[in-house]
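Form predicted alone, single chain, as structure tokens, below.
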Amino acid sequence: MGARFSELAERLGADQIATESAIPPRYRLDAFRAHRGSRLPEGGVTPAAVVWPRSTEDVSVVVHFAADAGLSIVPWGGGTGLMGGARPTTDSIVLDMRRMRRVLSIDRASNRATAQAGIVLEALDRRLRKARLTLGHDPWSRPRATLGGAIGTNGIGYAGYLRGTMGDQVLGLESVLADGTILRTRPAVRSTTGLDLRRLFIGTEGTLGIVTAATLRVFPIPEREEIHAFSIRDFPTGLACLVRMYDDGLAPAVMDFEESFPAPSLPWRSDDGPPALYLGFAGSRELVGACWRVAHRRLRAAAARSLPDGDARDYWRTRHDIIYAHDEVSPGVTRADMFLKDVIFDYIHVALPRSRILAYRRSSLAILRRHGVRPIGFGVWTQPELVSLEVLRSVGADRAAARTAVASAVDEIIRRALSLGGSMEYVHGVGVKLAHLMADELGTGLAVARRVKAALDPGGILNSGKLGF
């Protein structure tokens, strides 16, 4: 171990720090990999050190050390971030939080739980289920993502419309500031006592403070969960049907509506066909039954065709499977790296006014054609205003040109969404992937955000380079 880190190793323990050749290759990158459309370098760099804290006090010690040593800190959870939010630099300490994984309390009567930030979401949900409770946040990455990472990106999951984003479920949190101060906010369901300090650390990707624990609103396991699948003749018809359902007051626990496009260069099957809708409700038997009566009335009016129940069961059973593509098959190499080595694959998630979605769809498809990029799927997820678009281009003879073409198309499509009154992300955060678009997103608000960053982190040590900071 280098001499510069010997003091830190003495304070924390040698088993809590790795430097130089002892650093595993996985810490060079998160899940933002070379198969994505980007002008950024494909390969990552090895950080100066990796530290595995066991307590909030350990995190404070590391923050003090980094500030004195002129190093930055990159918080690391499950490594599932898709925007490079955990991508390190050579002068950074990666702070892997996964040894801080204790469930501190479960209050069944109050439907709340407190846990450390490094706990994996699925592990937390298993603990809650023993108390007849469940976590409200259910993203595709649940078997690998951590609580702190989900708070840092303010991610949304399958039950997003019913339960809200991860940040909506945070009642209070504990965070370490750039000067090592430990801040704890009061875990109140509602408070009108000025600035809501906890919101400073929700969705800001560890740039203003390092979340070390949180108290969450959790939920009773529903008596009934019922999901069905449907085919609808075209996207505009399906969108109009969903808008009417939501205006009726329905709050689906699952809603995924997407049309697919043929993509012969994909390493998996993608065919042209009518859009598919996966729709589900959760709660008491009476509530679920009533919701389905309203939903079926709207679906019949849209001439929706029921698909086999097995389709819906398969969709729900496999909803987390994609995360396993990000597991390593060899040091620093994931299944996704191998599976997508011949294509550039990317996605765009924007929030739009309902009235602008069809115009955005037309513009997006035209932009993709102009850049030689294929659409794979276009749809809405959890609620009608949240739009997703998946795209692909073959690598061909010039990988760099393919990555640039996809990146250019993505940027143009995002700017089109902004011009229509939308926002450029609602799922994965900004990281480094979208940092160059923050001025388009925030306008003069970016300068305000940077003043907040400068006030809380004057040395710029917390996850520098992310979120446009």
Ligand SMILES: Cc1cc2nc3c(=O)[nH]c(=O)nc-3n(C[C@H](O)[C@H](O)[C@H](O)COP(=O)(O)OP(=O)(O)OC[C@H]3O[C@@H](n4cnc5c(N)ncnc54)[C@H](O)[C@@H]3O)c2cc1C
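The first residue of the shown sequence is 1; numbering continues from there. Bear in mind the structure is a predicted one, so any value in this text is a computation, not a measurement.
Beyond the structure shown, there is the form predicted in complex with the named molecule, which is absent from this document and is the topic of what follows.
Of the residues given (124, 389, 82, 295), 82 alone sits with a heavy atom within 4.5 Å of the named molecule in the predicted complex. Site residues 76, 152 and 205 are all in contact with the named molecule in the predicted complex, judged by any heavy atom within 4.5 Å. Contact between residue 381 and the named molecule in the predicted complex is found at the 4.5 Å heavy atom cutoff. Contact annotation: residue 88 falls outside 4.5 Å of the named molecule in the predicted complex, judged by heavy atom distances. Proximity of residue 322 to the named molecule in the predicted complex falls within the 4.5 Å heavy atom cutoff. Mapping the unseen interface onto this chain, residue 361 falls outside it, with no heavy atom inside 4.5 Å of the named molecule in the predicted complex. For the named molecule in the predicted complex, the listed stretch (38-46, 62-70, 437-445, 424-432) containing residues with heavy atoms inside 4.5 Å is 424-432.
Contacts between 189-219 and the named molecule, taken as any heavy atom within 4.5 Å in the predicted complex, involve 205, 206, 209, 210, 211.
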